[in-house]
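Next up: the same protein chain in two forms, each one alone, written as structure tokens (structure 1, then structure 2).
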Structure 1
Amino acid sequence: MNRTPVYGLMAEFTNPEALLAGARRAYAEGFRRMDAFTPFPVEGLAEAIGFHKTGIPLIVLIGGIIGCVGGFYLQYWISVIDYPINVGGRPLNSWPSFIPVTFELTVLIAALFALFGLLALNRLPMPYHPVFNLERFELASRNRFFLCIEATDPKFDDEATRRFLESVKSQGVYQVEH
């Protein structure tokens, strides 16, 4: 018997308040691997499904430090080591003149780290996602709200999770296959 593996269970809601209540209750029940899909931003939904902190600030900080050190070292290497030119008796390591380029490279590299960090953390680009297999999911871009609890969640049990999603006043519960 060749069975398609289950990605998770998805509950459909007709309004954002019901989705928000369902997401909060799911988090309170112990579900941690879940995602919500809405046609517009819903305030408080990210916190309700457990997205409290991201690694983006650390990634941007690391990128900024790399840009700062790299920009300063690039100018230091050129001015002091590789091609030293004594202009008017000034010191070769004239760090105040290095500040503009160092600042610009700090901002540039931090911004690039932010962009690629966001893409990596959000697993983008993602031309295919298992939720696209569900026919009703087309309504997520129009007028329906969905909460998907993934099968990789430690608390996931097909029947118990289905009963739970039905108990949070959803319009329907659907199985999402890979």
Structure 2
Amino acid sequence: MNRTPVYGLMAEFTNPEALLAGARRAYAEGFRRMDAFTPFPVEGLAEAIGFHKTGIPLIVLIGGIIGCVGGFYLQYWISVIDYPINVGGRPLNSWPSFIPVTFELTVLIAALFALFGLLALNRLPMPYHPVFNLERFELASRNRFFLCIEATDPKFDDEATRRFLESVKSQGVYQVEH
């Protein structure tokens, strides 16, 4: 990866509406490699910067299916294949008694997939990220809203992008070092 000394330019906003408007403008302007940072989820913000599908539901569904099939097979394998016991002539594959555990494992594996899927897609845990180099960024978890256009964006130009970010009613534009 071509590492420039600058990670990107960060614009600060005081409220989510201004950030949302700024993000929409930036997207319309043609910027693609950007991200916004907020202390709480802002509706429509991810869409405004061109991110639509989360991918989470599919991951959870796959987890659920693995849990369901695996949970049933676990019991089937134990009572039919590995250690069959004849209990009063009842069928070895007494499936109704397998349902509670199948259900529990479906939920368990789906929930684990939700957690680890979320972390993996978000690339967390991440001990270092350039945005934290900005002193003011600690406010992103409190009461400030940030929009960062990355230097790797093809349209990025130190001067022009700075002027653009200043024009979208931001409170200040800061350079983010690597």
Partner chain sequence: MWDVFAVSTYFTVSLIFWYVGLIPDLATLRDRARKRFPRFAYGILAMGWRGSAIHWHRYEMAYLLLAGLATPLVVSVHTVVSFDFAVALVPGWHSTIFPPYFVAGAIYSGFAMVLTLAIPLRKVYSLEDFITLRHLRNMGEVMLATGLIVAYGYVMETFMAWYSGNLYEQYMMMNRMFGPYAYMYWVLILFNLLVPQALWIRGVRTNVPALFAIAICVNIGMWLERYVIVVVSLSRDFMPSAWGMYSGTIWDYAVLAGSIGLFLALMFLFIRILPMISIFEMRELVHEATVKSE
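Only the largest set of C-alpha atoms that superpose within 1.5 Å between the two forms is called the rigid core. Owing to the predicted nature of the structure, the values given are computational and were not obtained by experimental measurement. Structure 1 provides the reference sequence; residues are numbered from 1 along it.
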Identify which of the two structures, 1 or 2, is the form predicted alone. 1
Have a look at Ile85, Arg142, Pro96, Pro125 and flag the one at the hinge, given that one rigid part turns against another between structure 1 and structure 2. Pro125
Angle of the smaller rigid domain relative to the larger one between structure 1 and structure 2, in °, please. 15
On a rigid core superposition, how far has the CA of Val107 moved between structure 1 and structure 2, in Å, if you could check? 9.0
